[in-house]
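Read the single chain below, which is given as structure tokens and is the form predicted on its own.
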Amino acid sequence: MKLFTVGPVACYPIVLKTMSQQMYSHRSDEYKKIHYDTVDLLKKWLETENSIYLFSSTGTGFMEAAVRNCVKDKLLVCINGDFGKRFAEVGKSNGKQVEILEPALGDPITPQGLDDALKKNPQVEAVAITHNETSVGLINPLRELCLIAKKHGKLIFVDAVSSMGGTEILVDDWGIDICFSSSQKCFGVPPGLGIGSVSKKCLQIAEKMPNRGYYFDLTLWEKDHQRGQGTPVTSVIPQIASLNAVLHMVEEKGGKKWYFDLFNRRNTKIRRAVKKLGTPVYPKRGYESPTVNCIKAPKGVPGKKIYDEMRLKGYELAQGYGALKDVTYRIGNMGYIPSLSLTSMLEALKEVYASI
């Protein structure tokens, strides 16, 4: 089955090779060398001097860490779809008051909308933004939103699960306090690894925060990070070693610009093909995701029908999600996708459209 999912995605050959290696201790010199080399590569990628932690979890672990460590009472969550809703649920489940900024489905969070929401809710401590909303294939204008949040003096938490690695994120320049992702998306590594940068301001707040838990206690992670221990808990060594291999692969091929261009070329090809089939991508024009295409199914055809028919042809796309489950399907643009596989998938999609 050829994968065009929205995560987990197909792994690069270098990842499969790395994952097959024998295990070693997460306290060994061999591991620590890979750990800190990976951290340095990620700092370069995100252009940040902030600490970077490698959680043995998915990105949702970083959601919880942000809320528990850095929010005492109240935060504002920007929602464009189901993963923004998850951030709100994480906040509520941890006993925080959550204010919501939610435009019409398919529309982005606008700087003016965020400015108005913060004027109405000046007491919130942080703003949570889903950079790339996987459920609707929409990317928010992150840089501009960060400027607004910083103008109001708020912490900025960014869910970059399906954007980190696929498009530019400048953590320090944009003033992002916590920016997190997962291994199973743009980097083409199996799931299980949470990746995140954390600002000094967040660490200072965390030191005084009661009931911040243990597993995701940022002060505990910072302590072991600084003393060369790597992590306070057992690391997901194969995923970290694989991420390290992917980051070096990208460096050798031309750096992150080369990688972003690769995403752009693939996405352009996908969008042109579905446009010819008469089914546009879902979100507002100009805010289409660079990594996930949410496509309106043909009129009268359930999105799942497209998904099921493509599976019969050997291609795993992604079903519609949340409120759009029945009327859309999705094509991922992440991980290992050879050019010939992309071409053959689009030919198969054309055949499916002709048969329904």
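Not measured: the values here are computed from a predicted model. So that there is no doubt, residue numbering starts at 1 and follows the sequence shown.
The form predicted together with a further copy of the same chain is left out here; the points below concern that form.
At the 4.5 Å threshold, heavy atoms of Cys11 reach a further copy of the same chain in the predicted bound form. Contact check for Leu3: a non-hydrogen atom falls within 4.5 Å of a further copy of the same chain in the predicted bound form. At the 4.5 Å threshold, heavy atoms of Ser25 reach a further copy of the same chain in the predicted bound form. Heavy atoms of Arg212 reach within 4.5 Å of a further copy of the same chain in the predicted bound form, making it an interface residue. Proximity of Asn80, Ala117 and Gly322 to a further copy of the same chain in the predicted bound form is absent: no residue of the three has a non-hydrogen atom within 4.5 angstroms. Contact annotation: of the candidates Ile205, Val250, Ile148, Val90, the single residue with a non-hydrogen atom within 4.5 angstroms of a further copy of the same chain in the predicted bound form is Val90. When a further copy of the same chain is considered in the predicted bound form, only one residue from Gln239, Thr134, Ser163, Ser197 comes within 4.5 Å through any heavy atom, namely Gln239. Remark: of stretches 263 to 271, 120 to 128, 92 to 100, 197 to 205, the one touching a further copy of the same chain in the predicted bound form is 92 to 100 (heavy atom within 4.5 Å).
Contacts between stretch 36 to 64 and a further copy of the same chain, counted in the predicted bound form as any heavy atom lying within 4.5 Å, involve Ser56, Ser57, Thr58, Thr60, Gly61, Glu64, listed in sequence order.
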